[in-house]
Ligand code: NAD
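Next up is one chain by itself, shown in structure tokens, the form predicted alone.
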């Protein structure tokens, strides 16, 4: 059993220093396993956001970071990755304490991925493509990429450290500066990221953290006139409000929002692997995963056998304290979220679905936000439990008759983030994958990320894409430069009676 580190009061990180909030107010971060306070956290206000944005703006306008060579920025990002690896046990412990996610899942998956995010974008920063457009004998026209400016980064409470690095790494690689606003339900690991970045010796103001709530810290960050772009991961209605709040200053947005992703299982699939992937995709990370396959669409011919094995396996999943290596599902993030997820147990049964297993507080865990992993059967796709993002360890099962119905059911939600399908017919795999309304589709695979590919969703699941060079499309601007190589004709205006312009060809708007 690991020993948890001492968690001190969590401050803001502004201009290279940890500082208290202007108001002096704090809020408590709770341990999801006990709902007891584990830290006091600075409650950011508009004044704190203003200080952080000014530091980021000054670092961008006057500091060395945007003017460094790509190779120099890459070396700095590699230093950050090395420091994350060096402190991986400590970061995983704090993340486990703050989120309730099982320690093994954080330490073996999320923290190595956080370091890899920095290494990946360190390499990408030296490969930003430019282009030339010569006009023979007249012009050399070319495009370059320049950093967009100050980025506001608003991150969620599920796997917060990894998702913070997913935004911070490309932002810094592009030469931008940033202000990070972590989720108030899981604020602790952002402070560790600030320590790592300070130890990596980045210039002051390049990376800043303002802790606090969405209404009092997030909203001022979105509305601030000196912030050029906002990258947000979170719930769909919050994303819409952020866009409204930032519209007056014409911000660019990248939004990774909600999901209700299907996994489709055809009879000719490798059913054992499909079963493993279905369980992994919806129940790891306590079911609090944006790309969770929370709707199982299964061919009616194999429905009873497949679902029977599924329910039996889910009933055996080990729910327990996050630090126990045997734990597969820990507590949900917060009492409010526990109330919300458990409310769907009653909603689903009231709608006529059968709660085949789980959905109750586990025996022997009387405190904390624990919930047995649940499976609903007899579900109709119009039910709320099939349409709304529950964001917990809850799977709904819907049978289908044929491929056409499977596609129709899969697409019949407002979300379109991810989809998964299992089939032994690769032709059908291609056909169905292209018919699904989802930003990402995995065929005969669970959620295995390729960091070079675009990440994001369709419909109400988001706007824009990040990952690979697509991240640079967001954090960088195109600049086109036209260099004359001769004395091309320039029409004269106001020449008098003897010489009048005869035409204006090739002039831009």
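Residue numbers count along the first chain shown, from 1. Bear in mind that the values here come from a model prediction, so they are computed numbers and not experimental data.
Form predicted in complex with nicotinamide-adenine-dinucleotide (NAD): not shown, discussed below.
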> Taking heavy atoms only, is residue 455 within 4.5 angstroms of nicotinamide-adenine-dinucleotide (NAD) in the predicted bound form?
Replying inline: yes
> So, in the predicted bound form, is residue 233 in contact with nicotinamide-adenine-dinucleotide (NAD) at a 4.5 angstroms heavy atom limit?
Replying inline: yes
> Is there a non-hydrogen atom of residue 349 within 4.5 angstroms of a non-hydrogen atom of nicotinamide-adenine-dinucleotide (NAD) in the predicted bound form?
Replying inline: no
> Is there a heavy atom of residue 389 no more than 4.5 Å from a heavy atom of nicotinamide-adenine-dinucleotide (NAD) in the predicted bound form?
Replying inline: yes
> Here the chain is shown alone; which of 331, 373, 182, 262 has a heavy atom within 4.5 Å of nicotinamide-adenine-dinucleotide (NAD) in the predicted bound form?
Replying inline: 182
> nicotinamide-adenine-dinucleotide (NAD) isn't shown here, but in the predicted bound form which of 438, 297, 229, 154 has a heavy atom within 4.5 Å of it?
Replying inline: 154
> Based on heavy atom distances of at most 4.5 Å to nicotinamide-adenine-dinucleotide (NAD) in the predicted bound form, which listed stretch, 399 to 407, 424 to 432, 358 to 366, 249 to 257, is the contact stretch?
Replying inline: 249 to 257
> Within 403 to 417, which residues come within 4.5 Å of nicotinamide-adenine-dinucleotide (NAD) in the predicted bound form, counting heavy atoms only?
Replying inline: 417
